[in-house]
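First, one chain by itself in structure tokens, the form predicted alone.
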Amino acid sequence: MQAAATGDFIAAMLDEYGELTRVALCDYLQPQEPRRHLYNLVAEYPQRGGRMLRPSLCIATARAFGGSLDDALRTAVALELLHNAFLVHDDVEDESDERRGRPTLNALHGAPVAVNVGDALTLMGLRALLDNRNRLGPWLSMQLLEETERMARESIEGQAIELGWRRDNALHLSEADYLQMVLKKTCWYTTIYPSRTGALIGTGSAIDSARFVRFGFFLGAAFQIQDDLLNLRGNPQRYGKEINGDIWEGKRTLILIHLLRVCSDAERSWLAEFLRQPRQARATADVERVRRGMD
């Protein structure tokens, strides 16, 4: 009963803080020119929905440390804009076909247009952070920008590690390698950054950042592992991304790393050849063979 009540509370919090963030997002997604090839597309991913985990975590942490919802709202909006920017760029880098139940911007409009849309979303996120000055003052606003630079740097480094594994066809990775990549690629912008910025807003001063890195690592790693599992077993209607998409893209998930370690030498050689191929050269039957091995 207690677990159910906690789940209900979290769902209600995500609904409440998520809706407030969506309303505030409208300030940055107003129609303007050029519409067809930029601003209509900039609004597309945010309008498709999403769980609003990151902005909700920022607002919740700020309130837990004594701040108000309004104090945290612009940073929550910035988080959602930056999150969508990362998604657009990720879909180009991963050659993904589906995002939030619809074709990706890359699939619909091509990589050049999609990259430009991702750049625009990034700038809008920075604009929202600059707008904090009106409520939080210059010092705290600058601290939040410093946190944002750190988060973006960590995330880009994590993305570089993952892309490098795929480019180099890395086959001998450990759980520790995976968790180091996830710390940078997922945890910093999904859990560490939202909780650190929320605590800064709530306290109005410097925080013990090491505690938030530790907390955010455990929470973010659990989130990423669950997301990897949902990619294999999620409900297609609720999941919103391509089932088995990580296999198609050759992502080194914890599941694939384990499979490479425990399979036979012959199977590992076959997997190495499969992973060496570009996505468009991979066959459905081969993806299903990898999936059976994972199962």
Partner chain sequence: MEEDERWKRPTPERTQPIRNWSTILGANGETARAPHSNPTPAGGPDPVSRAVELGYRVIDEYIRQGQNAARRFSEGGMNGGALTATWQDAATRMAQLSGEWMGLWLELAQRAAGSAGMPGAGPAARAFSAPFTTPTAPPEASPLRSGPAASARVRLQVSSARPTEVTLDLRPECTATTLVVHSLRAVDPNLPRISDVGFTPAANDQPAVLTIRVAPEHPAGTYSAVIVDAKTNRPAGTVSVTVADHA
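Computed from a predicted structure; not experimentally measured. Positions refer to the first chain, counted from 1.
Keep in mind the form predicted together with its partner chain is missing from the figure; the text below concerns it.
*Asks:* Can you confirm whether D119, L130 and R133, the three residues that make up this candidate site, all sit within 4.5 Å of its partner chain in the predicted complex, judged by heavy atoms?
*Replies:* Per the other structure, none of D119, L130 and R133 touch its partner chain.
*Asks:* Would you mind picking the one in L126, I207, A152, L173 that has a heavy atom within 4.5 Å of its partner chain in the predicted complex?
*Replies:* Exactly one listed residue reaches within 4.5 Å, namely L173.
*Asks:* In the predicted complex, does R48 have a heavy atom within 4.5 Å of its partner chain?
*Replies:* Flag for R48 set to no.
*Asks:* In the predicted complex, does W188 come within 4.5 Å of its partner chain, counting heavy atoms only?
*Replies:* Within the cut-off, so yes.
*Asks:* Consider Q180 of the chain shown here, and say whether it contacts its partner chain in the predicted complex, taking contact as heavy atoms within 4.5 Å.
*Replies:* So Q180 counts as contacting its partner chain.
*Asks:* If we define contact as a non-hydrogen atom of the residue within 4.5 angstroms of the partner, is R233 a contact of its partner chain in the predicted complex?
*Replies:* No - in the predicted complex, heavy atoms of R233 and its partner chain never come within 4.5 Å of each other.
*Asks:* Which is the contacting stretch out of 207-215, 67-75, 84-92, 99-107, given heavy atoms within 4.5 Å of its partner chain in the predicted complex?
*Replies:* Comparing against its partner chain in the predicted complex, the contact stretch is 207-215.
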